[in-house]
Structures are given as structure tokens and as C-alpha cells.
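This document starts with one chain, in the form predicted on its own, laid out as C-alpha cells.
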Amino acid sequence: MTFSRPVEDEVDRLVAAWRQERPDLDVTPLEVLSRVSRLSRHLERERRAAFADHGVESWEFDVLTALRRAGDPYELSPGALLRATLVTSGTMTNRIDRLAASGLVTRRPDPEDRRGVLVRLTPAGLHRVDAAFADLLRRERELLGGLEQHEQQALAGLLRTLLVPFDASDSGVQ
């Protein structure tokens, strides 16, 4: 049985150079995290392209998808949107104003809280977010195309293990 040698990538070259120049340091974290960083840049480029193709900015996509995930009638309070997008209240107010001016969301009084409002996707907002999300998923599938389904699942599990402590600290859970 013959095994083919794995393809060398830029990170392999970077790690080899550091091992040569700094043999006193353990550079093994670079083997994983430099690849994650590089992949993140490729993913971000694809995200921007998918959003641009549908006339959506990244911040708009974040708000619109939070509303879309809420389910019919695709409506949340500004506070719920804050928690979903991790931005300040002033930033969220500005974002809602801009989305409303673009006709992608509307505001209405909250029937359960006379002082509150609810933000709802318009039909145009629903169409735009659905199209952008479908395009994004197509592009993400292409990025993962070199992995079999079971490899994608294994990678997702490993990355989850790394991210859970950060997610817990971001949400205030210790």
C-alpha cells in the first residue's frame, strides 16, 4: 500500500521557516491557527462577495438574519437584536434606522410594552436575506468542497471544542 504525501501549503512553509529560525520555540499552534486565520480571510472574501451580489452589507446581513431566524412574523425587539448581534444600543438604533430607510424592515409599537417597539422584516427584506443566505451557503459549500461529509463533521466538532469557552465567556456564562 502506498500513501501519497500530503500537499504542502503556505503554512507548512511558514512553520518550517520558524522552526529553522527559532528552534527554541514550539511553533505547532501555527499549524492549526494560521490555517484557521487564512481560511477566515477566504471566508470573509466570499461573504462580502455574496452580500454585494445581493446589495447587502455585512452588518445588514447580521440584523436581517437575526430577524429571519426568529420565524414568522420575522420580528424582534431592538433588545433581542442587540443580544443576537452583539452591538451597542446606539449602533443598533442606527442600523434599524438605515434598514427602515432602505425598506428592508419596519418598526411598530410593541402591543405588550407601550414604551417598546418591534422590528419586522418587510417582504423585500425577507427576499433579500433569503437570496443572500442561499448564495452564502453555496459559496461556503464550495470552500468545504475538498472535504468529505464525515471530515466536515469531524472538523466542525473540533472547532466547536475550541470555540465553546469563548462563546461561554462572551455570553456572560462562566
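As the structure is a computational prediction, the values presented were derived from the model and not from experiment. In this text, residue numbers run from 1 along the sequence as written.
The following text describes the form predicted together with the DNA, which does not appear among the structures shown.
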Exercise for review: State yes or no: in the model of the complex, is some non-hydrogen atom of W59 no more than 4.5 angstroms from a non-hydrogen atom of the DNA?
Suggested key: yes
Check your understanding: Applying a 4.5 Å heavy atom distance criterion, does V87 contact the DNA in the model of the complex?
Key -> yes
Review point. Wondering, does S102 line up within 4.5 Å of the DNA in the model of the complex on heavy atoms?
Key: no
**Study point:** Contact label in the model of the complex: G116 to the DNA, heavy atom within 4.5 Å
**Key:** yes
Check your understanding: So which of R69, R107, R38, R141 gets a non-hydrogen atom within 4.5 Å of the DNA in the model of the complex?
Key -> R107
Review point. Each of R48, T91 and R95 near the DNA in the model of the complex, meaning some heavy atom within 4.5 Å?
Key: yes
**Study point:** Within 4.5 Å of the DNA in the model of the complex: residues from 60-82 (heavy atom criterion)
**Key:** S77, P78, G79
